[in-house]
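One chain comes next, on its own, written out as C-alpha cells in the form predicted on its own.
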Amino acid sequence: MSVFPESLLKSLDLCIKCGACNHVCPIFISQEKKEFLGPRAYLQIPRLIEEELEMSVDFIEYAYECTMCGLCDNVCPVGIQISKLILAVREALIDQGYVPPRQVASMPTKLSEEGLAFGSRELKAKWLPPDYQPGKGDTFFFSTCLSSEIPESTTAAFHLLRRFMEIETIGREELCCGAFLRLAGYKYLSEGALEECGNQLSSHTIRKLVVLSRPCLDYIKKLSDLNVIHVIEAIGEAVESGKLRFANSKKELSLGMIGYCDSYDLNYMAEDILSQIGGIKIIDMPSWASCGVGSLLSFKAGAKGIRGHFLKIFQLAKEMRLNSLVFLDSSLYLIGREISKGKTKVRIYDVPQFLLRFL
C-alpha cells in the first residue's frame, strides 16, 4: 500500500532536476550548497520512502528540514509548489501513523492538556501582573504559544504597544491558534485549534488583534472577521503618526536585521522604524541570511539545516563587526537566542526589545 496519495507522486514526476530551486534556498546556500539540504533533494523523500521496505526514522526527520520559505515555488520552471508538497509529505506521514520528531510528536498532547502547541500554560502569563484581568477594549495583543519561552520578547512588545494605544491581552488563558500545528502536518488538529481560538477571541468582542509571531499572523488571518496585524505594523503606524518617538543612540551602532524571505513589507517597515534612531547604521545582510516561516518548527524538530544556518549568520555578523542582530519576529529571535548561547558575542534582539532601549 502506498504511503502517499497518487496525486502527490504524480506531481513529483514533473521535476526535471534542473536545480533552480536549490539556487534560491537560503539553507542550501548558507550550508555550502550541500545537496541533501536543498529543495531538489527534498522532492525525493516520497519516492525514497515508497521504495523502502521499512520506514526510516531519518527520512521522517528529514521531512522537517524545509523551513517553508517558499522561494523555490517561485522559480520552478515546471510549476511545482515544492513547499506545499513538503507539507503534504508531513501530513501523509502523520496520517499513516508514523511518529514525527519528539517535540513535534508532543504537540497534540500539549494541545489537549494545555491548549498550547509549545511552552507552558503555567508560565504563559508570568510577564503580566499577577492580578491582571483583560479589560473591555476591542484591541488585543496575541502573545502566542511562545510567550512562556520568550517572556522578554512578549513583555517588550506589550509594553511598547501600551505606550501609544489602549490594548489588552487574554493572558494566561489565551489559546493556541494552530499555526505551528499546521506547519507540522497536523492539518485537522490545526483547523480545530483555530476554530477554538476564534471562539475565544469572539467572546471578548475583539475587533483588532496585534500578533507577536508572523507564523501565527498568517494563520489567524483566516478568521476573516478580525483585523489582524503584526506588532511591527502597529509600531510603524505609531511612528508615522508621531505617537511614538525614539531617542538617539549614545554611541554609533552597526546592526544587521534578519527577516523572513516573503515578508518584504514587514522587513522594509522594520528597517524604516529602526532608521528613525540616530546613531544606528543598518548593514545590509546577504539574501541567504533570511528565513522561512517554518523555521521555528524546523528548529524544534531538531533540523540540522536551520541550526547550521543560524551559526553561519552569527559567523557573518562577527566578520562584519556588527554590534547587534535584530530579528524581525519573535519566532526567529527564539531560535537565535537558543543557538547563540556560547556561540557569539553579538547581541541579539527582536524589534520591540531593541526599540525599548531608545524610549
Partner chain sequence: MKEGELIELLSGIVGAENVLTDEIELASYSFDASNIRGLPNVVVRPSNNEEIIEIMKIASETGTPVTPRGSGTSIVGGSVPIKGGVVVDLLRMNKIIEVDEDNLLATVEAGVTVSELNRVLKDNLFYPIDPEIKGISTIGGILAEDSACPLSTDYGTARDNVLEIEVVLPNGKIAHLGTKAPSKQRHLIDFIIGSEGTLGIITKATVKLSPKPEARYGFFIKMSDSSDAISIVQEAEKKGIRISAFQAIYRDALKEIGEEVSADYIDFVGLIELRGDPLWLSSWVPKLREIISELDPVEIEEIEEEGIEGYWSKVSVVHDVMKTKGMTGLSISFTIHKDKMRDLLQRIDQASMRLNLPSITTFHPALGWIIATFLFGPEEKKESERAEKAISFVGEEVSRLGGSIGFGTGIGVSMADQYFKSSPDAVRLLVMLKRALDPKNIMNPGKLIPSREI
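Computed from a prediction, not measured in an experiment: that's the story for all the values here. Positions refer to the first chain, counted from 1.
FYI, the form predicted together with its partner chain isn't displayed, but the following is about it.
This chain appears without its partner; in the model of the complex, the one residue of 310, 333, 64, 28 with a heavy atom within 4.5 Å of its partner chain is 28. Residue in contact with its partner chain in the model of the complex (any heavy atom within 4.5 Å), chosen from 135, 129, 77, 242: 77. With the partner left out here, its partner chain still marks one of 78-86, 111-119, 165-173, 244-252 in the model of the complex; by a 4.5 Å heavy atom cut-off that stretch is 78-86. Looking at residue 45, you'd find a heavy atom of it within 4.5 angstroms of its partner chain in the model of the complex. Contact annotation: residue 341 falls outside 4.5 Å of its partner chain in the model of the complex, judged by heavy atom distances. When its partner chain is considered in the model of the complex, residue 40 lines it closely, a heavy atom lying within 4.5 Å.
In the model of the complex, residue 347 stays away from its partner chain, with no heavy atom inside 4.5 Å. Candidate site formed by 198, 207 and 233: none of these residues places a non-hydrogen atom within 4.5 angstroms of its partner chain in the model of the complex.
For the stretch 16-45, the set of residues having any non-hydrogen atom within 4.5 angstroms of its partner chain in the model of the complex comprises 16, 17, 18, 19, 20, 23, 28, 31, 32, 33, 34, 35, 36, 40, 41, 44, 45, in sequence order.
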